[in-house]
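Before any questions on binding or motion, here is one chain by itself as structure tokens, the form predicted on its own.
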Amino acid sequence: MTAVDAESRPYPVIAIDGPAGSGKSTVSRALSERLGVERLDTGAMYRAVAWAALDRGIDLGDRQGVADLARSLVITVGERVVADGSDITEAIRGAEVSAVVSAVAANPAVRAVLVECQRQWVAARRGGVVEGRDIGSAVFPQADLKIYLTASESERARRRPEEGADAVARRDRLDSTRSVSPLGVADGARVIDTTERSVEDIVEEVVAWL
């Protein structure tokens, strides 16, 4: 393979889905570092819209108003999350945002806006590791590799002490029963239970599938 061929070759698109506390962020971050590709946390995008709606006093029941907000908001997701120039990395992980983000994610118009942004992100980078709740099923159904992470309810609650077991279960229930792009195992996805496994072990398994 020539240098030109290697440079033009796209990276794989790796879709990682799963419920809250299943290890998506930890595994996707480690995998992106291992492969030397960029990573996108799509959940942070929905949280950014939820934060902005709360910050600006927009009623989350106003679907069009929230969709217009999502369309106008300039969101950058990386090691830090920035919305319209404000660093909201810590703010979007607070209990207030966690309590309403499922309502934002269930808004079809918001999803249409953010899914397009997610596809543009991958196109610009010619691939990458993308985590969320509908990546393998709706955003990138033709992904090179689809992973669905899960873990026991008690373990997922332990990993999210700031939310609590009831809140985690409620969010998973809302996300798995919404009418648009519900949380679920995508066709062709490989399921990994992360309950008693190390991140290194999981990454090794995923890399072996590429």
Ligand code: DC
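Keep in mind that what you see is a predicted model, and the values were worked out from it rather than measured. So that there is no doubt, residue numbering starts at 1 and follows the sequence shown.
Although not depicted, the form predicted together with ligand DC is the subject of the following passage.
Of the heavy atoms in residue 146, none are within 4.5 Å of ligand DC in the predicted bound form. Contact annotation: residue 105 falls within 4.5 Å of ligand DC in the predicted bound form, judged by heavy atom distances. When contacts are judged by a 4.5 Å heavy atom cut-off, residue 46 counts as touching ligand DC in the predicted bound form. Although the partner is absent here, residue 71 sits far enough away that none of its heavy atoms falls within 4.5 Å of ligand DC in the predicted bound form. Screening 58-66, 28-36, 150-158, 175-183 for residues having heavy atoms within 4.5 Å of ligand DC in the predicted bound form returns a single hit, 175-183. Proximity of 101, 111 and 171 to ligand DC in the predicted bound form is complete: all three residues have a non-hydrogen atom within 4.5 angstroms. Shown without its partner, the chain has 132, 133, 134, 135 in segment 127-141 as residues with a non-hydrogen atom within 4.5 angstroms of ligand DC in the predicted bound form.
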